[in-house]
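Quick heads-up: it's one chain on its own, the form predicted on its own, in structure tokens.
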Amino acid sequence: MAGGAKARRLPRVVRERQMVDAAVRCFARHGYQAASMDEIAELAGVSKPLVYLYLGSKEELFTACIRREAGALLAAVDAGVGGAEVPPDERLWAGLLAFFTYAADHPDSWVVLSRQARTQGEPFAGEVARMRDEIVGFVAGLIGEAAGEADVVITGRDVDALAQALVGSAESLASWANETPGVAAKEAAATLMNFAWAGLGNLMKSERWSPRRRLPGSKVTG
């Protein structure tokens, strides 16, 4: 018994990681409201009082889950992207591939970030919004670099709008890919890259789309 008790005395950092791992799994499966601290403790192999002692309340635990998973996703994207010497399109491809790969390899993490945290209001939605802002900023920077290399004048507002659209598409596509059997991360990333870069390519050639005819009831201006 003494040997078994000794084997269970893990460092606090290891215990906390086990608890957060269990919590991510539980929150992804049941949602924030329905998730049980009893189940989290059982999945982690610890007592419920120890969960409260180490990680605080359920709200604090959920916040810790969001922060850890958001940090891991951002780190994965950052690690996948090359330096400034790599062309913007290659960096965007690498970032998209890293993004979709992380979502596919960590489905519970992605459910917590993309679905559970956003539907619970503050402070959880704000935590995810900060992660999203970082990704949008990264994509906007690449679009701006590409425009500069092509000597194309594009407003900051247009750059921000394109970045928001691309990130929103990536989020939706990652969820769809995870829920659709047989769709690999690379396939999903390639689908979005082809869709996005084809349009951006035309924009970089100063070719903007416009409707060929007026819609019924629309007014002519100018």
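Note that residue numbering begins at 1 and tracks the sequence as displayed. Nothing here was measured: the structure is a model prediction, and the numbers come from that model.
Beyond the structure shown, there is the form predicted in complex with the DNA, which is absent from this document and is the topic of what follows.
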Q) Pick from 169 to 177, 31 to 39, 156 to 164, 188 to 196: which stretch has a heavy atom within 4.5 Å of the DNA in the model of the complex? A) 31 to 39
Q: Report whether the minimum heavy atom distance between V46 and the DNA in the model of the complex is within 4.5 Å.
A: yes
Q. With a 4.5 Å heavy atom cut-off, would you call L50 a contact of the DNA in the model of the complex?
A. yes
(Q) So, R68 and the DNA: in the model of the complex, are they within 4.5 Å at any heavy atom pair? (A) no
Q. Hey, in the model of the complex, is R25 touching the DNA, heavy atoms inside 4.5 Å?
A. no
